[in-house]
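First come two forms of one protein chain, each written alone as C-alpha cells, so that there is a structure 1 and a structure 2.
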Structure 1
Amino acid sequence: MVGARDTASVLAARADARAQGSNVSDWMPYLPAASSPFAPEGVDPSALVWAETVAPGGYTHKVVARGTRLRLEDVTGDACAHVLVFNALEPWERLNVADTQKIPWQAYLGAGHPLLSGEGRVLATVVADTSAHHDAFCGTSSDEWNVVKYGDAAPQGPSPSGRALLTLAGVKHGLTPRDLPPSVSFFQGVRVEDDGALAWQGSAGPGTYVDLVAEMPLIVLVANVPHPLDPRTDYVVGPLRVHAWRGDPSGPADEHYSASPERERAYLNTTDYLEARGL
C-alpha cells in the first residue's frame, strides 16, 4: 500500500494503472483525431488526422502527408509556437529562414507566406492567419538564454528552452541537434524598428490561429515556449491547440501561388521534385 493506493502485488498494481484510463487533461492528444472536443468549425471531423492540446512548455511532432492543412491556435493569447519543418523524404532539406524572408521580399510572416527550404522549394505555406503577430528573426530560446533569464532550461523543468524541446522532438525522427536550423515562431510578434531594434509586440489576444498547408510530406516539430524576447520575468506560456486535416497542396488556382514571380518558381520547383518522385 502507498497511501490509499494498493500497488503491493502485480494484479493490484495493474488494477491501479487501468483505473486511470478514462482520465482527461487540459493538455493531451485526442485519439482518434475525429474525437477532438475542439474540432475546428467547418471541418469535417472525419478528415482530421491530428488533434492535440500542447501543454505550456510542451512540444509535439508529427509526419504529415502532402496537402495536409495544419491549424495552430493560441487559446489564451499566451501561446508561442516555435516551428520547424523538414522534407520527410529527405530531412536534410529543411526550413531556411533566410530564404523564407528574402525570396518573398518580406520579413513578417502572414497569410500567403511560403516557408522555404534551402533547395528553392516550398515546404509549407501560411494560408490563413488571424493573428499577424509572428517572428522569423529571433528563433527559439536556447539553454543558455533560459538559464540566464529563468534559472533553468531543462526540458522537463519549470522553464524548458525551445531548443531543448525541439531537440527531443527531432530525436524522435532520427534528427540530431545539428539537424536543427533556426526556427520561426507564431503568436508573439516582433518588429524591426528604424534603428534595427527588435521590438516586442506580444500577441493579438486569445483565440487567433494560423493555418499551414504542407506542400510536401513533412516532419513538423513544434515547441510551445515563451518567445525569447517575452519581457515577462516569469515563464508565461499558454496552451497551444493543434488540428490537422486532409486537404490539397497549393496550386495555380490559389492566389498565393503566383503572388510573386519568385514564389511561383518555388512552387514549380516543388511540383517538379515531387512529380519525379511519383508524388
Structure 2
Amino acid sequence: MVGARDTASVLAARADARAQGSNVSDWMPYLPAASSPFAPEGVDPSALVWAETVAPGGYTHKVVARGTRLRLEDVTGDACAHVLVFNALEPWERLNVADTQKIPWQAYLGAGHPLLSGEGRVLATVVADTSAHHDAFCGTSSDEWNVVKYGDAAPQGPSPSGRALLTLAGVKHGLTPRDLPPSVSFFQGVRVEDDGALAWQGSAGPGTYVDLVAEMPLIVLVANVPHPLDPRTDYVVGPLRVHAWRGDPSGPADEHYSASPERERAYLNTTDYLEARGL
C-alpha cells in the first residue's frame, strides 16, 4: 500500500515515530513559546510563556502564574472562546458568573471588568478589549444542544460541544464535570433586549483581541466552539490565537482597581489571600 507505515518492530516503530517529529500543524502549541510567528506587537518573544493556535472545535488549557497577561485573538472573526478560570492553589475556588456581573454592577464584559470567584476575590481582569462582543449570560454549548442542532456532539466528532471540550481540558487538572461552572465567552456578543430576550450579535470582525491579567495563579480552560445562540445552521467557528507573557497583577495605580468600592474590596480580598501565602 502506498504510504503505509512500518511499525512491525520496535526499531521500525521508533523510526516511524521520529519521522513524524518534523510534521507541523496549524493547530498546535509553539514550543518554545518564543518561537511563535505571531507574537503580539510590542511583546518580547522571550517573555512568552504560552503560544498556541486553537483549532476550530478545539480546546486548550494551561496553569499560569500570578500577573500573567493572556491574549485571546479572533483571527478570522468566527472564533468563540469559552473560558473558565480556577484558583490554581485551591481549584474549588472558580469563576462565578453571577458575581462577575453583580460586583461591577455591569453584565457586559469589557476592559476593566473583573472575573470574580464566589469567595469575593478577583481571579482575572479584562485589561484590554478591541472586540466588545462577548457574553456572560449563556455559557457554552452542551452535548444535548449540539445533537439537536448539528446531529453530533462527540469531542472527537465534527461538532463537539463546549461542555465536552471543557470537561476534557479540566480532567488534565484533576477536575470533574461537576467542578465546571458556567463559562464566559469572548468574540460573539449577546445583548438583553427590552423584553428580556437574549439577542446574539455576532463578532466585531477579524483581528480583534482580549487581554486578561491573572490576579492569582490560575488554571485556564478554553474551548473554541460556536456560541449556543449562533443562528447559523452549520458548525461555524474560526481559529483562536492564544499568547501569554509575564507581567504584573492589578494594583492601586490601575484605574479599574478602585473603579467602585465593591471592586476595590474584591482586589483587597485577593491581595490579602495571596500575601498570607507568601505570594
Partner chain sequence: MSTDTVETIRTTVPVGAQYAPGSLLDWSEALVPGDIVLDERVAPNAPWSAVVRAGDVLTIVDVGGNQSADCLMFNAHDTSERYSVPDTLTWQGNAYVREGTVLRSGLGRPLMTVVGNEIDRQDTIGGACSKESNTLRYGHHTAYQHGCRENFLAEASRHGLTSRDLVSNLNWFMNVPVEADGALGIVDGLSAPGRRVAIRADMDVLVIVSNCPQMNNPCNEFNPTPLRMIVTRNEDTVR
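Here the rigid core means the biggest group of C-alpha atoms that line up within 1.5 Å when the two forms are laid on top of each other. These figures come from a predicted structure and were not determined experimentally. Here, residue number means position along structure 1's sequence, counting from 1.
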Q. Given structures 1 and 2, which represents the form predicted on its own?
A. 2
Q) When the two forms are laid on each other by their rigid core, does Leu268 show a Cα shift of 2 Å or more between structure 1 and structure 2? A) no
Q: Would you say whether Ala13 is displaced between structure 1 and structure 2, judging by a C-alpha shift of 2 Å or more on the superposed rigid core?
A: yes
